[in-house]
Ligand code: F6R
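First, one chain by itself in structure tokens, the form predicted alone.
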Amino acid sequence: MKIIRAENYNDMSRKAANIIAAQVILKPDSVLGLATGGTPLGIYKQLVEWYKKGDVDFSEVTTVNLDEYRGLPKEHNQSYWHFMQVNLFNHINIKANHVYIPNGSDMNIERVCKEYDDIIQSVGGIDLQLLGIGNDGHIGFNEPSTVFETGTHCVNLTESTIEANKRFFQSREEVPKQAYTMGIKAIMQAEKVLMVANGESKADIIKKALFGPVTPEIPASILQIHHDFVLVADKAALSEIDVAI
């Protein structure tokens, strides 16, 4: 495990974006596992800026996203497909047929999950997986459980996750109650895992996930045993652990 301390959110975003850009520069046909949510926005903004300056080229890159709401068409303004188009893909030179996100419109759970696992295998696995961390320790939509779910699966979102996501919808009732998510196996098989975290609200779960027992009750805790795991976090998120950088 490597921990990189950042001064603030902008510094965290730049440092994480630099790791992703370096991955693409060193391996132009990299497979990037991407995440949605508020935390990665600064990273994507920085990558777009560097692309426009000619510093990084995404023409050979393939991406696989962590998750998608079940039952939400990709055209919906809160779908993760829409999020990725608006915040990254529309602004860089990635090929449309190199972009993969679980098909939230398809209600056939077995079919969606098998297809997505097959896609991840067909592209050769993930070179770098970007992650955030939920306040309960979830990664992707791998929620606290009694077991680590290995493959792509459908999850019933916890009340805390629904509560956290309701700000993106007009009402709590509109928040999807289920999602398709990449499993722990694909995440752990990535060559490198990059987690980003910011803010004091993440300090407690960072301490529990990375310095407590490895348990499916805190899904992110399994990253302790990944062979190349990097956490980039600001001082507030690291405030409950004693880190010697």
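Numbering starts at 1 and follows the sequence shown. If you're wondering where the values come from, they're calculated on a predicted model, not measured in any experiment.
The same protein also exists as the form predicted together with the named molecule; that form is not shown, yet it is the one meant from here on.
Contact check for residue 133: a non-hydrogen atom falls within 4.5 Å of the named molecule in the predicted complex. The named molecule is not drawn, but in the predicted complex it has no heavy atom within 4.5 Å of residue 81. Within this chain, residue 40 lines the site of the named molecule in the predicted complex, having a heavy atom no more than 4.5 Å away. Residue 139 belongs to the set of residues with a heavy atom inside 4.5 Å of the named molecule in the predicted complex.
Only one of 22-30, 62-70, 48-56, 204-212 lies within 4.5 Å of the named molecule in the predicted complex by heavy atoms, and it is 62-70.
Of the residues given (35, 179, 194, 190), 35 alone sits with a heavy atom within 4.5 Å of the named molecule in the predicted complex.
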